[in-house]
Ligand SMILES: Nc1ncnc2c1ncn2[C@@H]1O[C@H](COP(=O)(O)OP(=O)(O)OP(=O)(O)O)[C@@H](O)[C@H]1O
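Only one chain is given next, in structure tokens, and it is the form predicted alone.
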Amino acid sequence: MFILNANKLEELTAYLYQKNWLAPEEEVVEISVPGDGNMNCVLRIRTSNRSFIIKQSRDYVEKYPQIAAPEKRVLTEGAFYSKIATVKEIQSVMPSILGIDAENNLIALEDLGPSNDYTILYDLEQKMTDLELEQLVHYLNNLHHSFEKTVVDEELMNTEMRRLNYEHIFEYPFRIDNGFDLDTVQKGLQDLAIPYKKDTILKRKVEQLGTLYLSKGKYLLHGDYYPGSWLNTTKGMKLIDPEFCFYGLREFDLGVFLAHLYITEQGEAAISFVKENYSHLDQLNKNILDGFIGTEIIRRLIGLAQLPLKMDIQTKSSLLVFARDLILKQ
């Protein structure tokens, strides 16, 4: 199996020629890492006349090698990019797929150029503009309803990745002895989390939400719709990393989106704006939507997938109470 390595230019160049991802006269000038990736090995290939991205998935999480992950996950991402290429409004805000190598779990993508993701929102000083919010809602509207199925089938099930996500969203944060000392993140966070880990009513409801997450659905979802997947580029806002994509409940994508607006303290006006501009909000189950919002907030505060969040412990306490109420209210 070919293994990506930024330090082996000659081997990588030979591989790219073999896959016909380089023209005969092209030379690789530079190999670099485009950003802080979590799941996969991602490299920017700069040639004599262009640049593009190559991405490989392995049987572990790139940022946390101790965590096992589905080895072929990037192929599902490639299938997602191939599918959305038929709808211009969606394709225009995502990278184009340039090639898929199923044997080596590797894809080639358009390089979106210099960019920054929106994780800067977690410093709690940045506010999103109406235009940015409108673009994010517009994307979900197009994605969810351009590929709606009349009959649920097996396409893009992404079962292994969903099971991995299920554990980290709906199980891991609520285990009392999960091996993760939250005080290493912020002093006092471990004690703050204990009541939620012992709350049997809350955990039962979260388990039900997890079952819904794992269920089949009619709508194509991005699957990880949070600020780390939103890019600010010289060509405007772009969306990336649909590796957790699947056909499921629209409430999940929208719920994760809204949860991070709460976490980043965007305010009620932003929340209302998103809800008012999501085109089929009246078709959604409000309890399920609120449940996914609350669960995403809790897992980001007391789970393993921590954010660079500059929030004091008192505010986190209030946000956890709010999230629990969202999950449990009927």
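Position 1 is the first residue in the sequence shown; the rest follow in order. In this text, all values refer to a predicted model and were calculated from it rather than measured experimentally.
Omitted here: the form predicted together with the named molecule. The next part is about that form.
Contact with the named molecule in the model of the complex holds for none of Glu148, Met157 and Asp253, as no heavy atom of theirs lies within 4.5 Å.
Using a 4.5 Å cutoff between non-hydrogen atoms, Gly248 does not count as a contact of the named molecule in the model of the complex. Under a 4.5 angstroms non-hydrogen atom cutoff, the named molecule in the model of the complex has Asp117 among its neighbouring residues. A residue is said to contact a partner when one of its heavy atoms sits within 4.5 Å of a partner heavy atom; Asp111 meets this definition for the named molecule in the model of the complex. Within 4.5 Å of some heavy atom of the named molecule in the model of the complex lies at least one heavy atom of Asn40. Only one of Ile31, Ile271, Ile53, Leu304 lies close to the named molecule in the model of the complex, with a heavy atom inside 4.5 Å, and it is Ile53.
Checking Ile240, Leu133, Leu140, Leu258 for any heavy atom within 4.5 Å of the named molecule in the model of the complex turns up a single hit: Ile240.
Partner contacts here mean any heavy atom within 4.5 Å of the named molecule in the model of the complex, and among 53-61, 23-31, 286-294, 261-269 they occur only in 53-61.
Contact residues in stretch 88-106 (any heavy atom within 4.5 Å of the named molecule, taken in the model of the complex) are limited to Pro95.
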